[in-house]
Each structure stands twice: as C-alpha cells, then as structure tokens.
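Only one chain is given next, in structure tokens, and it is the form predicted on its own.
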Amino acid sequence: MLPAMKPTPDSDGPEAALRVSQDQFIAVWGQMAGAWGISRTMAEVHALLFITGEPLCTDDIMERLDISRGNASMSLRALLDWGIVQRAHKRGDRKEYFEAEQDVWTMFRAIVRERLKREADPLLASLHEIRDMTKPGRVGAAETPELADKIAAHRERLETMTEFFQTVENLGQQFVSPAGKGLQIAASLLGTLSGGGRG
C-alpha cells in the first residue's frame, strides 16, 4: 500500500495535490485487489495507468510504485490478459508503453467477464461433474427405497443449484457482452427501481 502522502508547506499547490490524490486512489484501488482475486501490485499498476490517463512505460511504473521490473512486467502481462490495459507507442520512442481502458463501463465489463471465466465456468463444470456421479446408469440400482430416495433428493438439490448458477452465468454473459451495454443498462434500471421506491 502506498503511504498516505500529504502536501507539505514547501510542496503545497495544484501539482502536489494532484499527486497526492493520485497516490490515494492507487492505494484504495490496491486494497480492493482481493475482491478481484488479483494481487495488490497488479491492482496498483492498473490504478496508476487509469488515474494518470496517459501511456506509461515499465520504467515509469517501476519508479512511481517503487516495484521491481519483474513485478511490473508480470502485472502488466496479467492486465493485458484481462483486457483492461493495452499496449501503446510514442513516436520516436522505442520503449513499449501501456495505457488503461478509460471507459469505466467497458473496463468493468472486462473485469466481470474475466471473473466469470475464472470462477463461474469452473464452478459450473464441477457441479455438472458432481451431479453426474449419481446419474441413472452410472451407478447401480439402490439397494433400498430409502437409499433411492436419498439419491433422488441429492440429485434434485444439485440440479437446482446447477440451474441457478447456469442462469446467473447466462445473465452475466448478457451483461458483459463486448458489443453490448448490458451492465450499464442493468445498473440504470436498478437505479431507477431504487429511486422509484423512495417515499
């Protein structure tokens, strides 16, 4: 976490205030890393690129965040994979630069899409596999009616759970479609419903 910086009398002014505000945003974004399931450094690199709004090279990132080249490079590769950071180039400069997606709805669609791929999809695959362990034809006939009832109830619970997560996953895919604005529309509708319920 970046230290809480405050402008000193010698450094007080618009530029110092901007720097402190940026550093505080980076620190807060880094604290949210656990909610994404990523490392703090990866979140801080993303926060730096987003809040400065300009392309930075690896050296710039290392210096600003005081991290190693390996740490910076690993975080940048991961952010590129997530689709929330892109490569950029500056004319006449041979260094490789990176910039963050600036549209927050596009950014969060990419984050949700990645979380679905990393978490919801494997969970659904596991639920299907667990459910199929007791499907008819895969196991022998139950020795007693009581056992048959337990197996049927077991499969029904798993079926209900699987259907729920499949529905959630399908909704998520609609919201995070790269071509659509489902997430923004859903948020707007929820906001309208919430506002309409106030008396």
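Position 1 is the first residue in the sequence shown; the rest follow in order. Predicted model only: the values in this text are computed from it and were never measured.
The same protein also has a form predicted together with the DNA, omitted here; what follows describes it.
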Check: So, in the model of the complex, is Thr144 in contact with the DNA at a 4.5 angstroms heavy atom limit?
Finding: no
Note to self: Although the partner isn't part of this model, could you tell me whether Ser68 comes within 4.5 Å of the DNA in the model of the complex, counting any heavy atom of the residue?
What the structure shows: yes
Check: Looking in the model of the complex, any heavy atom of Glu119 within 4.5 Å of the DNA?
Finding: no
Margin query: Is Arg115 near the DNA? Define near as a heavy atom within 4.5 Å, in the model of the complex.
Written below: no
Check: Has each of Ser39, Thr58 and Glu96 got a heavy atom lying within 4.5 angstroms of the DNA in the model of the complex?
Finding: yes
Item checked: Stretch in contact in the model of the complex with the DNA, which is absent here, among 166-174, 149-157, 128-136, 39-47 (heavy atoms within 4.5 Å) -> 39-47
